[in-house]
Structures are given as C-alpha cells and as structure tokens.
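Below, in structure tokens: the form predicted on its own, a single chain.
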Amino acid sequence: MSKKKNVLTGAFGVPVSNDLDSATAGPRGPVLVQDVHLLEKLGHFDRERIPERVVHAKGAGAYGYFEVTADVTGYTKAAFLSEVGKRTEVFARFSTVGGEKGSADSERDPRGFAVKFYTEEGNYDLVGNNTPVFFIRDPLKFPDFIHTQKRNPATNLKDPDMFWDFLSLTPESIHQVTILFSDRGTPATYRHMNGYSSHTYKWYNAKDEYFWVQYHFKTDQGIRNLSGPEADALRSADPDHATRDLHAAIERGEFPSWTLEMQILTPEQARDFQWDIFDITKVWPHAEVPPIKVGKLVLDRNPVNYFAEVEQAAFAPSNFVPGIAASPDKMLQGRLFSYHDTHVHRLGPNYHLIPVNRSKNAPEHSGQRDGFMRTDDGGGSGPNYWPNSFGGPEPDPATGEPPMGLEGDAGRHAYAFPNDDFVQAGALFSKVMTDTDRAHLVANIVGHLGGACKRIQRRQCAIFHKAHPDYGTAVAKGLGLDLDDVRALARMSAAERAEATKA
C-alpha cells in the first residue's frame, strides 16, 4: 500500500498547489492581490515575532516532574505536596535577565529559574533566580534598575556609568552585586546552578495555621561556574552554550535534577528573627534556619517547538494554589501585578490558553470571556457573572487562605534598617569566599567598574568598604583610587556620599 502523501496546506487546511511562484499578470507582470496564499504567508511572516521580554529575554526550557520526598502536610495543604512519592508534571525555563534575546549565555547576569507546576488545583508558578537575593527591595525602583542594565538612550550602547551610578546610590544592592561579580555571576550551564525563590512565601495547612517559607533548588549535578576569562572566551566561541547544553543533556538521557530544600519559620519565630524576612536583599542564614529536604525536580523531556513552548511560556508569581500564598515582601507584591500585566501585553489577554501555559489538570471555569485570540468555546453559553442561579461556577470558601493581621499608617515608608545592608555582603566576602574567590571578585569588578567615571568609582568603592574594609581597599587599589578618600566617603551617610560625588 502506498504511503499517503503529506500535502502542504494553508492555515485553514486548503491544499497549496504551488509554493514557489507567486501569481502574476503574465510571466513578468505584477503580483496579483488574489494570490491569497502569498498574502497569508507574508502576513504570518510579518507577525511571527512577538514582542521580546523586557527582562529574561533569552532562555531555554524543558518538561519534567516534581516528586515529593518528605511529609510537609503539617505546613501546607497544597494538593501536589500532599503525599510522599506524588509526582506533578512541570515545565521549567532558565534565562539570563538583563540581556536581549540575542545576547550570549555566558554574560555576567543573574539567571532566571522558573518552574510551572501543572497541579490538580490549577497551575502554580514559582519564579526565582539562581541567587538567593536581589538588588533592590522596593518595586518602585525596578523599572529604573532595569533601565540601567539596558542600553544608553542616546548612544544605544551598554553604559558602565548608568550601571554603577544607580548601584552606588542604592546601597541595598551590595549583597547581590557581590554575588553577581563573583564567579557565581557566570554559571557554567543551567544544569550546574541552584535556583531560589528569593522571596518569602506563605504556606498554610488544613488547620489554617500558616508559616513563612523560602525555596532552594539545589543542583544534583554540582555547582560549576565560569571564571571571567572563561566566560569571555565562550561569548565568542559559543554564545548559546547553555541552551545547547540543556537540550543535549536531555537528548542523551542525562536528565538534570535538583533537590528542593525549604527554610520554614513560624510567625512567632519570624517576629524574633534578627533579619527582616520580607527583605529580598537578605538571606536567612542556614545556621539559624536549617533547610529541610522536601522533593526532587527532574527534567526529562525537551520541547518539540521552541517558539510554542519556550518563547510563549509565561510564568506569573500570582499563580498560587490553595496552601500557598504571598507574603508582604514589597518586591513580591509588585511582581504579583507586573508579570501578568506584561504577559497580557506580550501574548494577549488569553495567553493562559496557549498549551504550555494552559492548566492541564484543572480546567478553567470563570466568567472571563472573549478577547483577542480566544481559541476555545469561550465558556460556552453558561452565565458569565456571579452571583447567578443558572448553575454557573461559584466560589469555594474552603480554598481561601487564613487571615493575617496587618497594621500601620498608609504612606511611603523608607526602609527602617539601612545599616543591615552591609553585614551579609561583608560576611560573604570575608567568611564564605576563598582567597581565589575574592581575587576573581575584585578582578571582575575592577574590569567592569573601571569603565565608569572616577566619581562613581569612588562612591561605589565606599560601599564595598562599608561591607568590609578589605573589600573596598582591594577594589580601590585595582582602580588606582585614593584610599583615604574612599575611607572618608565610607564614613558618610548615603545622602552625604551622594552629594560629595555629584557631577
């Protein structure tokens, strides 16, 4: 029996008779507007690139599963965490943060670490990074921060003055800056880095008791980073090396995995904790809050189509399931709005119906209707309002989270503990890093900060000095700055330091 011919068709299944020659008025005449195949083909081509992500533009992704390995029902009633051995399908996406879609995988940049859990109660998105902290703690600063990581609006070039001007005027960034300019700022591959929630989240159990938690995905492949020269070499030799590595490893059957560890505090413990648990620029020291192992993340299937499954994947920290909720972390509160909002702009109001984003195990039953690119029956003929008496979907009070007491005056409040900003960065430099780590850190900073003007160099070195005197001294020496001047700036308040180093 002959094999059935695979006939080329248009978007609506109509067979195409010729895909090489446009319809024209005679062999050399102008193209005819009635060539609907040409119009369809060109029209789709014109629109086949959707807007690039503002952040996390370049990334790689894969499917897999999450398996529970410890009983956590005392902390959360989330169904996908309800029993040891339970598996939930996931889709994960890794990315660089500040660069464009065509940037190199080895750029010095935090790495995004996002996981979509297709649970029976709906999709749960955990959107984190490969670092446990971030540069800022208030979302009002986020657009400004990202602007400094992009291109100068006049020259369209990356600008060290923009980059370091903002950071040197934002001392809370020192912890993340120290991590970024260490070798951890250039992971060898996506498989050889950890992932962190960075934010604090709320877990609550069936008794309506709640807890504050942080997530740590620890790579089972071991940590591997690139030195500055190694990253520079890869930038030209193979700018897509991390994307290639993830896909190739899964194709070989070397499925990457991570062990999920949780740090958990009761509300009572949190009240007496020495660090602000809702400040994303701080970590919870493991000696004070020992992590517990709760599960395993495994990636074992590559996407079939990059655009459909990776480029159109949309993760939003506002996607919670019963048993997991937000905390008062200001940066998280801002992200609850911003991620969904940017997906609506980039992919349209029905981006949740794109297969990679669709809730696979809990169908949508809502009053949301219509909109651009609605691809299903739009909710059918049922009522699209509540309350109703026609059997439409109704809220379930049992799925709500327990109340949390809040108090305080409404207003714009400055952070209450600014001196804490330097302690953890100083400890990271002096107690955690090896001599080699410190040497690489200083060399990386000098190489980048050296491109900024002297007054910004002086101001930033004062920030390093406040974290640890040896830190500030080493960078200042590398830049050829006056050490007495740097020490004097370090003794000033942030406002005085800014005034003393104005243009």
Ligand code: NDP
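Predicted model, so just to flag it, every value in this text is computed and none were measured. Sequential numbering from 1, following the sequence displayed.
What comes next is about the form predicted in complex with the named molecule, which is not displayed.
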| With a 4.5 Å heavy atom cut-off, would you call Lys218 a contact of the named molecule in the model of the complex? | yes
| Contact test in the model of the complex: Val432 vs the named molecule, heavy atoms, 4.5 Å | yes
| message | Is His175 near the named molecule? Define near as a heavy atom within 4.5 Å, in the model of the complex. | response | yes
| said: I'd like to check something about Pro322: if you look in the model of the complex, is any of its heavy atoms closer than or equal to 4.5 Å to a heavy atom of the named molecule? | reply: no
| task | Mind telling me which stretch in 199-207, 276-284, 335-343, 299-307 gets its heavy atoms within 4.5 Å of the named molecule in the model of the complex? | result | 276-284
| message | Give me the residue from Arg184, Lys77, Arg191, Arg137 that has a heavy atom within 4.5 Å of the named molecule in the model of the complex. | response | Arg184
| request: Identify, from the list Gln263, Asn129, Asn357, Thr119, the residue with a heavy atom within 4.5 Å of the named molecule in the model of the complex. | output: Gln263
| request: Could you tell me if all three of Ile179, Gln424 and Leu428 have a heavy atom no more than 4.5 Å from the named molecule in the model of the complex? | output: yes
